[in-house]
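Take a look at this one chain, the form predicted alone, written out in structure tokens.
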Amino acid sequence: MPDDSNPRSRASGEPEPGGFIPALLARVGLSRTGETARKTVTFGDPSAASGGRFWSILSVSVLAALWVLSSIYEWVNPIFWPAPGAVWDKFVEISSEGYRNFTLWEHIGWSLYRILMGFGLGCLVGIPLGFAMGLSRIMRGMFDPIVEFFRPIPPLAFIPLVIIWSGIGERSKILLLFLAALWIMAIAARAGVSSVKLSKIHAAYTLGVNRRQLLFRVILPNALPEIFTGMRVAMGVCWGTVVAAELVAAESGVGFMIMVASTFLSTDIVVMGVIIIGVVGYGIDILMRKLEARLIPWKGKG
């Protein structure tokens, strides 16, 4: 019988004491085993709230069941809420035959390209700006009012200006997404720099580091958790803004599909586009969480 007090026994991947069923229940989030089970106080402990796959599966299943039942019993008028089968058929049709001169995957690809370009430019400008605001009193005094003024303005409000500045080509869409990400990344980087403990700065100076070493070996690693949180928020905002960005005379993209379909009351395509936006956005967030866990293993550990 494995010794639970032996770290090697726990790390070997063997099932914990209690058998297969308790281990399965713990894996889906219905019970606690191992280190979490031994905790007497779990409220306020982030590790105690991790997992919960069972409840995620349950909530998605309930929503799917309500959708199916509403289409069968016509609880919702099918003109405005299509049945799951109709949405699936339209997905298969557009995947194979395309929609408005582009396949479904090309529409998704164009939306992802615009998001990555706008988000990347927002990080490229916003992170150094946030660091400058966090490290320099002059830079903070100069740019803090500008950032705080533009931050609460929704990206949709910039559409007329974007058209005037950049026309109706790809640049206008990327510029709109850039503005959506810029202020979030600047605030996240500024918050990350401000969260560095003063004791670590003093300890680094005691060891004889210069300013460059202090920036890249102390300040940047401590600011990365806040920056990654800002990146996740900015990516979500950009993905939600892509529908508005593709309103600007676009000929491709998931947002373009939704807007054209809404013009012709094709609710099955609209619902399909909404589901695609949600699934892809959720996938991007999961990917960024995995990257954060791999690149910043020290997050929350001091």
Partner chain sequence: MNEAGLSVEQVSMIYELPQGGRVEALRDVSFQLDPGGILTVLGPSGCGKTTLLNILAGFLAPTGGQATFGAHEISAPAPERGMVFQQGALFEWLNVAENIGFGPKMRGVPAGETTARVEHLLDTVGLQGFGDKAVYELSGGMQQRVALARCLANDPQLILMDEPLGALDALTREKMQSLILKLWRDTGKTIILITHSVEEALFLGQRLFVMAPRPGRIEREYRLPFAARGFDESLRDIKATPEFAGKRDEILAMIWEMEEEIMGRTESA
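Residue numbers count along the first chain shown, from 1. Predicted model only: the values in this text are computed from it and were never measured.
Separately, the form predicted in complex with the partner chain exists; it is not shown, and the next lines address it.
Peer 1: Hey, in the predicted bound form, does N222 get a heavy atom within 4.5 angstroms of the partner chain?
Peer 2: Contact with the partner chain, yes.
Peer 1: Would V193 show up as a contact with the partner chain in the predicted bound form if we use heavy atoms at 4.5 Å?
Peer 2: No, V193 is distant from the partner.
Peer 1: Using heavy atoms and a 4.5 Å limit, would one call P152 a contact residue for the partner chain in the predicted bound form?
Peer 2: P152 lies outside the contact set for the partner chain.
Peer 1: Using 4.5 Å between non-hydrogen atoms, is V209 touching the partner chain in the predicted bound form?
Peer 2: Yes, V209 lies within 4.5 Å of the partner chain in the predicted bound form.
Peer 1: Report the residue, out of I94, M139, A204, L121, that has at least one non-hydrogen atom within 4.5 angstroms of the partner chain in the predicted bound form.
Peer 2: Residue within 4.5 Å of the partner: A204.
Peer 1: Select from the listed residues V87, V218, A132, L179 the one whose heavy atoms reach within 4.5 Å of the partner chain in the predicted bound form.
Peer 2: Exactly one listed residue reaches within 4.5 Å, namely V218.
Peer 1: Given that the partner is absent here, state which listed stretch (107 to 115, 209 to 217, 139 to 147, 155 to 163) has heavy atoms within 4.5 Å of the partner chain in the predicted bound form.
Peer 2: Every other range fails; the passing one is 209 to 217.
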